[in-house]
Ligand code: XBP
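This document starts with one chain, in the form predicted on its own, laid out as structure tokens.
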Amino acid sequence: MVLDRATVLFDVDGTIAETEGDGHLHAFNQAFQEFEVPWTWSTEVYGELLKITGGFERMMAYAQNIGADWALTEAGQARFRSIHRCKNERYAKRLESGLIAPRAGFVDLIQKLQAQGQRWGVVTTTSASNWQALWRYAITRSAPLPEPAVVICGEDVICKKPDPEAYVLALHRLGIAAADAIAIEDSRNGLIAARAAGIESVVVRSRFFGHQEFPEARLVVNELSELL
């Protein structure tokens, strides 16, 4: 079994659930409108921005790309941190309304790991509030599941993926070696981060990253259900 390891570490957005297009993108555009920022991100624009990890970082990169220098000032960045908080609130509301569910096979996979005595964890660059909203409104709504043994979110690290810091921290908190874990990711940034930490990885293709190539992955699947 490819997941025959002590602990399976999951990325979140795109991996556990297709949250990007159905959740985050809509929430960003709602927040822009509420703060009267004249931006509306299309699916194509957002797909390019996803090459950058972190929602706030994406906004700053977009501002720089379009020459919106006002957003890069100290006052501008403070405003965009408020916009990012608003975006996360709107995202949670979308989850609460039941618009997003875990990907096919996720719940069954966690239950199988539990039955086999294996732990699971979360290693993501999204915020803790976003993870908690997904856990509360989408994951546990589907079925009662054991809580992850470790949760690493964007606030826990200085450098986000593709830097391996998040995975290194997860291994440290779990008290295990890289050889005792396997990561499940959906993007090249995530895969590079896991491999840089010495962790073998499985990639599940997602809406925005399905076209990418993953030669470093141990296995590439279209759905988590294939890992059952």
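Numbers follow the displayed sequence, beginning with 1. Note that this is a predicted model, so its numbers are computed, not measured.
Omitted from view is the form predicted in complex with xylulose-1,5-bisphosphate, to which the following refers.
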Looking at 54, 198, 162, 47, which has any heavy atom no more than 4.5 Å from xylulose-1,5-bisphosphate in the predicted complex?
54
Interface segment, criterion being heavy atoms within 4.5 Å of xylulose-1,5-bisphosphate in the predicted complex, picked from 92-100, 121-129, 73-81, 136-144
121-129
Going by a heavy atom distance of 4.5 Å, is residue 217 a contact of xylulose-1,5-bisphosphate in the predicted complex?
no
Heavy atoms within 4.5 Å of xylulose-1,5-bisphosphate in the predicted complex is the criterion; list the residues of 2-24 that meet it.
11, 12, 13, 20, 24
